[in-house]
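First comes one chain, alone, set out as structure tokens in the form predicted alone.
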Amino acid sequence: MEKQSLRAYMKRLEENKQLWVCDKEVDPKFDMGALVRKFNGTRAMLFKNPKGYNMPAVAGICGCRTRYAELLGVKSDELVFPITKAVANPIPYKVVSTGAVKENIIKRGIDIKKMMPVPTFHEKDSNPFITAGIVAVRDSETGKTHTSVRRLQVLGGNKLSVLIESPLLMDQVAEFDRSNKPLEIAVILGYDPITMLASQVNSQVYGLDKYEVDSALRGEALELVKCETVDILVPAHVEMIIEGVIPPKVREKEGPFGEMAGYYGGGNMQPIMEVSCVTHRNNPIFQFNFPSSSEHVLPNGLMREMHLYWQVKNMISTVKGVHLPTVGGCRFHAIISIKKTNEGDGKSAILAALASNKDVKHVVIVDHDVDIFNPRDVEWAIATRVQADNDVVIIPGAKGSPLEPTHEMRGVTAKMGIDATAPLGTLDGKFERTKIPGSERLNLKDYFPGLEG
């Protein structure tokens, strides 16, 4: 079904003048990523001529909150609700005999670096890295397909290293190491934002097959095909699939690499993938994202926002919205709006938010009249509604994220909550915000015709 493809989504972007097309030759080493970084991965960009390759590359496909909202038919501050519905009501996928991704099947002479314009992003990155690859493995206990975005370092020839730091994948690799058997694996590249979003569901928490969540998000059964050399199902209409195995007990150095927080992560020993087959569409499009950009963190952040919303709602039923800003990697900072009904609601919301996930480091609670997606509005609330001795909560020595660079002991961090809510009953009094009647109807371009942007 062609509409379940990256190409269909790119056509939609092009029709809406949301796809930037670069015809000029661009070097995959540094330059391609640098252009994407200038817009923090929020602009969809098609590079038609990566230097040294006849395969175009695209980025910025999955980095914009408003485009997710358009796909799911809601406002950008309501995304938590269709995502919750999809998780609660998964739809079975459909296995088909073939799909566009099978138009070309390559089993010999595989050299990933020569085949694909894999970028090198930063000065000290050890190698080119595939950053948008959705890794698929079969859960050995349930038989369900587990998908997650993992970076893959291009080592040369048919060898990649796989950063496996997700609990389920780490458990799978350890299990196959113990049994001295290779773990079958597939890497999905060239997909639409729905497939990316579904891959971010925490399957260990919700016990779901992510392909069924994908089907529910798009409102129809996702079509899957079986791989050529491994027993794994993959989407039938993506651009390419890289198939292979992780051999037991084989490790090679992975990194350094410029990671999510914008710092280099040192090299670690990681499993490798031996590629046995590459299937792709005719004239395939290579997909990547810039590490630490909005496209890198936002899809996972949207799933985290869903979990955060319901965690806080269990404590404060009048929660109005939650936001995990991309500047905090969609995990370190949380901003939550509530309709305050009792003094102490702000601090209760802080406790619920900090307990929702070990990665949450700083929490700001604001009243429902504050736009949590507007940093200026949030900062205004902190500036005008906070007294530090009463409204700041600090918890030392808490479990934190290993990706967060400031803690002295790996995984241990201080956490802070700021109650930026006004005293109960004062939003219509001392803390009532000033308003200009009719201002929302004014369009600056009507008054300044030459204005752009």
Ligand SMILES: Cc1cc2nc3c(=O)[nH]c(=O)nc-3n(C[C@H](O)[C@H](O)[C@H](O)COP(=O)(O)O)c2cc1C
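Residue positions are given as counts along the sequence shown, with the first one as 1. Treat the numbers as computed from the prediction; the structure is a model and nothing was measured.
The form predicted together with the named molecule exists for this protein as well; it is not shown, and the discussion that follows is about that form.
So if I measure heavy atom distances to the named molecule in the model of the complex, which of the stretches 306-314, 97-105, 180-188, 159-167 falls within 4.5 Å?
Looking at the partner contacts, the answer comes out as 159-167.
Does the named molecule get within 4.5 angstroms of any non-hydrogen atom of Ser148 in the model of the complex?
Yes, contact at 4.5 Å.
Although the named molecule is absent from this view, report whether His296 comes within 4.5 Å of it in the model of the complex, heavy atoms only.
Yes, His296 sits close enough to the named molecule in the model of the complex that at least one of its heavy atoms falls within 4.5 Å.
Contact flag, Met196 vs the named molecule in the model of the complex, heavy atom cut 4.5 Å:
So Met196 counts as contacting the named molecule.
So in the model of the complex, is the named molecule close enough to Val201 to count as touching (4.5 Å, heavy atoms)?
Within the cut-off, so yes.
Candidate spot Ser5, Arg67 and Ser215, all three in 4.5 Å heavy atom range of the named molecule in the model of the complex?
Result no, not one residue of the spot touches the named molecule.
Position in contact with the named molecule when the complex is considered in the model of the complex, options Gln172, Thr326, Ser356, Asn300, heavy atoms within 4.5 Å:
After the contact test, the surviving option is Asn300.
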